[in-house]
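Encoded as structure tokens, the following chain is the form predicted alone, with no partner shown.
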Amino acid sequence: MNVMKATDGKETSATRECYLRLRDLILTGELPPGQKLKIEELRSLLNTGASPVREALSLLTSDMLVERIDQRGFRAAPVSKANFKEILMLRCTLEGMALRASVANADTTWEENLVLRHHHMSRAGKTNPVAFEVAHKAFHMALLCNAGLPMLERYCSQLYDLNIRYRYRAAGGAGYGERSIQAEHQAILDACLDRDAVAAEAALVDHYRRTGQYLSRQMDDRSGSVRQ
């Protein structure tokens, strides 16, 4: 029994590691949208067994980052302007709802955590793009975590990841640096600290729509396909 538990633990750990590595490869576009994901090739890439790869792909299917092909194989989920617009619409609606609930439940613990997450994000943005992505998501999820709505928070986290794929693919395009992302984040934080739910939601939605307009232009400029 103890041996079985140890084995199960190792298998779970291998699946988790495989899941996280494949997730990052898909989010960053190193495994491009629409690419077939062959078990043997991924085994070699990740230096792991077939079982963890297969289980990780099933988990990523639930995340909508991977699609099954006729029940026989897998591919990285494709991208499209219509898909991006739906993600944007859902983020604005659901995160706006969650943020209003967070502000309604505002307390000093939540506020202190927001300030800390914002600080970490600001520091990471100056030195390390990878660290910034982690800190950026932590800040955005911290905005919502006080809502007391765990299912909604989970949906928002999933939508965030789906949106990241488009940001990575359009990174470095002309015009992106013309915005002050720092100022937009600061406006969201200030409204939350003022406990002004209306202003906080407005600042958040404006932040997302500005990014959405930029990414939509990128897709239009490339005839419906943003640059990798």
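Because the structure is a prediction, the values reported are computed rather than measured. Just count from 1 along the sequence shown to find any residue number.
Beyond the structure shown, there is the form predicted together with a further copy of the same chain, which is absent from this document and is the topic of what follows.
- Checking Cys145, Leu94, Ala76, Ala135 against a further copy of the same chain in the predicted complex, a heavy atom within 4.5 Å turns up for just one residue: Leu94.
- A heavy atom within 4.5 Å of a further copy of the same chain in the predicted complex is found for one listed residue only; from Met64, Leu193, Ala199, Leu45, this is Met64.
- Within 4.5 Å of a further copy of the same chain in the predicted complex, a heavy atom is found for every one of Glu55, Arg68 and Leu159.
- In plain terms, the part of the chain that comes close to a further copy of the same chain in the predicted complex, with a heavy atom within 4.5 Å, is 56 to 64 out of 199 to 207, 56 to 64, 180 to 188, 22 to 30.
- Although the partner is absent from this view, Thr211 stays clear of a further copy of the same chain in the predicted complex, with no non-hydrogen atom inside 4.5 angstroms.
- When contacts are judged by a 4.5 Å heavy atom cut-off, Arg154 counts as touching a further copy of the same chain in the predicted complex.
- Proximity of Asn83 to a further copy of the same chain in the predicted complex: non-hydrogen atoms within 4.5 Å are present.
- Interface membership of Pro129, defined by any non-hydrogen atom within 4.5 Å of a further copy of the same chain in the predicted complex, is ruled out.
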